[in-house]
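In the block that follows, a single chain appears as structure tokens, in the form predicted alone.
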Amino acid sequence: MFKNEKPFEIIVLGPPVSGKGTQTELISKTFDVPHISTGVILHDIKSDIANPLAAEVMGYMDKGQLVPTELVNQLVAKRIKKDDCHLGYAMDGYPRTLEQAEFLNKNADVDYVFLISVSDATIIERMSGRRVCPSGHAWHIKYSPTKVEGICDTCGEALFQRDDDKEETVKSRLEIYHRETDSIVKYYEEKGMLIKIDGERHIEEVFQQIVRKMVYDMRSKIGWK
């Protein structure tokens, strides 16, 4: 039926605020496989002082530097071999580079690579429209506006725009995303593995697209029409 014994080795790609993390979590819960995020893996190591890699990882992250690809690759390879991955996993945040994609290809049998496709214009609108208060409550000037402009409905404090959400910063992040990800997208396209998903729809509709693609593929593999 499948090319390996782990029918749900799934990668989810997508730009910032495309909803890839949400979709990966939905896949994880639906198919009862772990949600693997390299960001979470690194944070857990950093927070565990007993971990022999804690100091090294903390050194990179506290300086705002990227953890070396070789180390991230080792951590991912170790994670996907754990017992809870006996049916597979749903992973986002990795691979981030072509080198990582090639490494994963040698150390896993990925079944599906989903690209949550969202236009740059939509990403800019989603991020630049976000507003937060000092207490951390988040709003959006278009999608979830407050009753009184500029004032948090929850605590009554003044809202502000984070530097990371400013349009020029968002554009810079998108440039980095395309520079890093376009080669990965091409890599999986050439392998015939990439499945593009319309990420501009509602969360539930996006997830329905993913499930339909998987069900259609599984049925075709066992000869169902």
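Just count from 1 along the sequence shown to find any residue number. Basically, rigid core = biggest C-alpha set you can superpose within 1.5 Å across the two forms. All values derive from a computational prediction rather than experimental measurement.
What comes next is about the form predicted in complex with adenosine monophosphate (AMP), which is not displayed.
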Flag this candidate site as yes only if Arg79, Leu104 and Val110 all have a heavy atom within 4.5 Å of adenosine monophosphate (AMP) in the predicted bound form; otherwise mark no. no
Using 4.5 Å between non-hydrogen atoms, is Gly93 touching adenosine monophosphate (AMP) in the predicted bound form? yes
In the predicted bound form, does Ala158 come within 4.5 Å of adenosine monophosphate (AMP), counting heavy atoms only? no
Given that the partner is absent here, does Thr146 sit within 4.5 Å of adenosine monophosphate (AMP) in the predicted bound form, heavy atoms only? no
Even though the partner isn't displayed, in the predicted bound form is Thr181 close enough to adenosine monophosphate (AMP), meaning a heavy atom within 4.5 Å? no
Among 193-201, 23-31, 65-73, 48-56, which stretch has residues with heavy atoms no more than 4.5 Å from adenosine monophosphate (AMP) in the predicted bound form? 65-73
Within 4.5 Å of adenosine monophosphate (AMP) in the predicted bound form, which residues of 15-47 have a heavy atom? Give them in sequence order, or say none. Thr38, Gly39, Leu42
Examine Ile184 after superposing the rigid core and state whether its CA is displaced by 2 Å or more between this form and the one not shown. no
If the two forms are fitted on the core, does Glu70 show a Cα displacement reaching 2 angstroms between this form and the one not shown? no
